[in-house]
Ligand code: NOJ
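Presented below, as structure tokens, is a lone chain in the form predicted alone.
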Amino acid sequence: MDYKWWHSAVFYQIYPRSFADGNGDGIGDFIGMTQKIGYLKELGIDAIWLSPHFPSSNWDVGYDIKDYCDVAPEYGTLEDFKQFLAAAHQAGIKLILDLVANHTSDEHPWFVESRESRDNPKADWYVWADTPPNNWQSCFDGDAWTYCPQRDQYYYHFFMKQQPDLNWRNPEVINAMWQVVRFWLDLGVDGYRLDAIGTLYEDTDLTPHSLPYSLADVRKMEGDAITTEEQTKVSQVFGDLFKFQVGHPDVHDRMKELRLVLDEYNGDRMLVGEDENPDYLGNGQDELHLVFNFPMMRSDGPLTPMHIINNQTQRLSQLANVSSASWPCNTLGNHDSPRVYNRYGDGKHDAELARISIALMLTLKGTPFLYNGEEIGMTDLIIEDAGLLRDTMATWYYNEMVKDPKMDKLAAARKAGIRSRDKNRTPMQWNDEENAGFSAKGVTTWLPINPNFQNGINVASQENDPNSLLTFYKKMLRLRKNHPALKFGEYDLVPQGNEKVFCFTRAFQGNALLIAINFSASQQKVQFAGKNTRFRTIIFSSAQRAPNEVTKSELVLGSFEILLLGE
């Protein structure tokens, strides 16, 4: 197999608004990010996924773009971006950007021109209709069709009304977007994470859905769902509500074209899609390089060995059906989901379970994606003041709830805070000083800072602590770098009869490791048989066993122990 840099790379997502404020305005920026390149190099990551940095109306915090070929003023200038890119490359770190191709801001010049009349040069650059042709919903704020008085027509938007969908059936739109792609590739970026690729095309017949629900109804169902059965039903309803708006087969033609654009460039530029469908890999060579293993994230509470085993069995089989060269891509968190520390914790052993989460990401087969702040155990911050919410989806949800005169506004604000993505987007916590070192003292930050930065949940408090989560991250990242089997090796499940322990091997070119992870707080006995008895030498143990100690084929794993054995 012809391995590329992205096969072995560990990606680190930076949410630019919340990473580092270099100019003291309470918002992260390129000056701040450039100052932290040394930290990222020392951490041991190989590549950065940068969330949108383009000029934006910020209805969706950067995902409503006004100009695809510039930098948002709050983040700096194009020259600041170039300096950041150069610093990253000098440190040996690749950079991929977020390509938001489904929609623009309603303030983008393309849409401003399109809405002026029905016969201007960009009149057909968006999806227009004389009357709403169906009952489609926006996934953020109700009806998917919004009236535009200038044209006396309605435009379609899968997301917010401030995010009109581009008409990807117009060749001029396609050409314009490929010019955008080339602009940043010409500057030297190493690829793209493709936002919401399944939404590029809608059902050609504009078929209405047949559900008796609106988005508000489904959001309420989602908020009220407690049991696994209720949550599963909500997921099914949500899927049925949008089934005519996502996953159209024409997306594949565009992905093939985009792949050809990237293949024009040297340096093995890459594409990862915000989608879990392996079909977007094409034949393994002609569409995307990676899609995310989102099913791994769907666990009610702490991860379990059986959940991971089932996920790996299904996922690796799906990828093999595409191509023998198809490569996994694993993640447990991002800017749209609760923090790993919260999502997979149990309220009692959160620190131990957080270590298991990173161990899984760095030892399973595939390319891992990590989210900034995970390495210090940042947690969700539930914002209970509706006036401080910045996630428009949450404010819409709050406004819908308080339409009911019986709904208490404080209770509605808390529900909105829980639903909000603001909770996992709060500023990075660098030290225990005012504003956590993210912004200068006395500055009001764009989102509140989680007060637990004062309790050791910050970089400065952990970087010299041998027992900290940050130190553990660095150890695991070094371990991965030093063992080719962890970067390239094939995965093979090791049956050993203990449902509280996950055991597997990774093998590459004569180098093999056995990984055993105890998911419980109690000691667990495991026994290896057959060919797996050859793994006897301790490479790493979170229980601080002596390195190079020789074990027996039967051993006892300590509480939440992560153990790597060599031959």
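Residue numbers run from 1 along the displayed sequence. Please read all numbers here as calculations on a predicted model, not as lab measurements.
Note that the form predicted in complex with the named molecule isn't included here; everything after this is about it.
A.B. asks: Please tell me whether the candidate spot formed by Tyr63, Gln163 and Arg425 is one where all three residues come within 4.5 Å of the named molecule in the predicted complex (heavy atoms).
C.D. replies: Heavy-atom distance to the named molecule in the predicted complex: all three under 4.5 Å.
A.B. asks: The chain here is shown without the named molecule. Which stretch in 371 to 379, 277 to 285, 301 to 309, 334 to 342 comes within 4.5 angstroms of it in the predicted complex, by heavy atom distance?
C.D. replies: Correct option: 334 to 342.
A.B. asks: Answer yes if any heavy atom of Phe140 is within 4.5 Å of a heavy atom of the named molecule in the predicted complex; otherwise answer no.
C.D. replies: Yes - in the predicted complex, heavy atoms of Phe140 and the named molecule come within 4.5 Å of each other.
A.B. asks: Wondering, does Asp195 line up within 4.5 Å of the named molecule in the predicted complex on heavy atoms?
C.D. replies: Yes, Asp195 is a contact residue.
A.B. asks: Within a 4.5 Å heavy atom cut-off, is Tyr156 in contact with the named molecule in the predicted complex?
C.D. replies: No, Tyr156 sits far enough from the named molecule in the predicted complex that none of its heavy atoms falls within 4.5 Å.
A.B. asks: If you check in the predicted complex, is Met476 within 4.5 Å of the named molecule, heavy atoms only?
C.D. replies: Residue-level check for Met476: no, no contact with the named molecule.
A.B. asks: Using a 4.5 Å cut on heavy atoms, which of Arg219, Lys487, Arg421, Arg151 is close to the named molecule in the predicted complex?
C.D. replies: The residue in contact is Arg421.
A.B. asks: Counting any non-hydrogen atom inside 4.5 Å, which residue from Val100, Val127, Leu271, Ala72 sits next to the named molecule in the predicted complex?
C.D. replies: Comparing distances to the named molecule in the predicted complex, the residue within 4.5 Å is Val100.
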